[in-house]
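A lone chain, given as structure tokens: the form predicted on its own.
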């Protein structure tokens, strides 16, 4: 019970301090719209392409929303020593870090829901598998958040975290199957695509929206969950080595 109370307190503080600020809310609304416009211009086919580009917009919105916010919250608090005070609390490190990352996960999921809401206003979404959509959005947000945590723990400045995040995010956009199917990539690039969480998240979202996917849905969900656990474990290991010792 004490752990749950602490978890909710940390999460509530982060939501008030970072995620519910008007600039972040407006950014969460504008960003998916900007990506939708870019994809529509690229396709050149107008609104009839909404369903085909929707999985990509959701994936990119979640990816950028989670990693951008987490780079600020964790790195900034570590720099000004407020995170050090949090580590002194009589709580397991796992609970502390889950609480610190849950805000970014929720922010990412909401970012992913914005394109769906917009799409529902201009086309029918009756064929969408909502259960798979929610599961894929949540696991994509979790894996992206823990990827952001892994980067944030490795640096000491906010600008460093943003730089390294961009170094990972932009190649991921082009390697995860959004623009070019993974099967059409050069053979030497495919193994890299398979170790990217966004590849599996994008494929699950595509299957949820269009019914077509390159991978088995159950296997993709399991792989995405495993990647999330692995990234979280590596991040905790680095925190114990670099921030606690």
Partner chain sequence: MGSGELFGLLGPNGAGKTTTIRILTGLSRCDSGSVRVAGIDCTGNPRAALRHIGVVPDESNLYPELTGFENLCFCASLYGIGRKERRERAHSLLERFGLAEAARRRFAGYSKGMKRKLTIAAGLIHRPEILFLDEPTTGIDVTSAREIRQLLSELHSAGTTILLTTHYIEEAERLCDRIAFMVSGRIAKVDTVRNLLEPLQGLHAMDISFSGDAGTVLAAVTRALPEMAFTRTGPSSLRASASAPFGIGALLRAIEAEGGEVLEARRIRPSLEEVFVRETSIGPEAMKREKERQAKPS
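Worth saying up front: this structure is predicted, and the values here are computed from it rather than measured. Positions refer to the first chain, counted from 1.
One more form of this protein exists, namely the form predicted in complex with its partner chain; it is left out here, but the text below deals with it.
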Review point. With the partner removed from view, which of 86-94, 124-132, 155-163, 138-146 is the stretch that lies within 4.5 Å of its partner chain in the predicted complex, judged by heavy atom distances?
Key: 86-94
Practice item. Using a 4.5 Å heavy atom cut-off, state whether residue 117 contacts its partner chain in the predicted complex. Key: no
Check your understanding: So, in the predicted complex, is residue 226 in contact with its partner chain at a 4.5 angstroms heavy atom limit?
Key -> no
Check your understanding: Using heavy atoms and a 4.5 Å limit, would one call residue 232 a contact residue for its partner chain in the predicted complex?
Key -> no
Check your understanding: Would residue 10 count as a contact of its partner chain in the predicted complex, using a 4.5 angstroms cut-off between non-hydrogen atoms?
Key -> yes
Exercise for review: Can you work out whether its partner chain is within 4.5 angstroms of a heavy atom in all three of 49, 52 and 179 in the predicted complex?
Suggested key: no
Check your understanding: Going by its partner chain in the predicted complex, which residues of 201-224 come within 4.5 Å of it through any heavy atom?
Key -> none
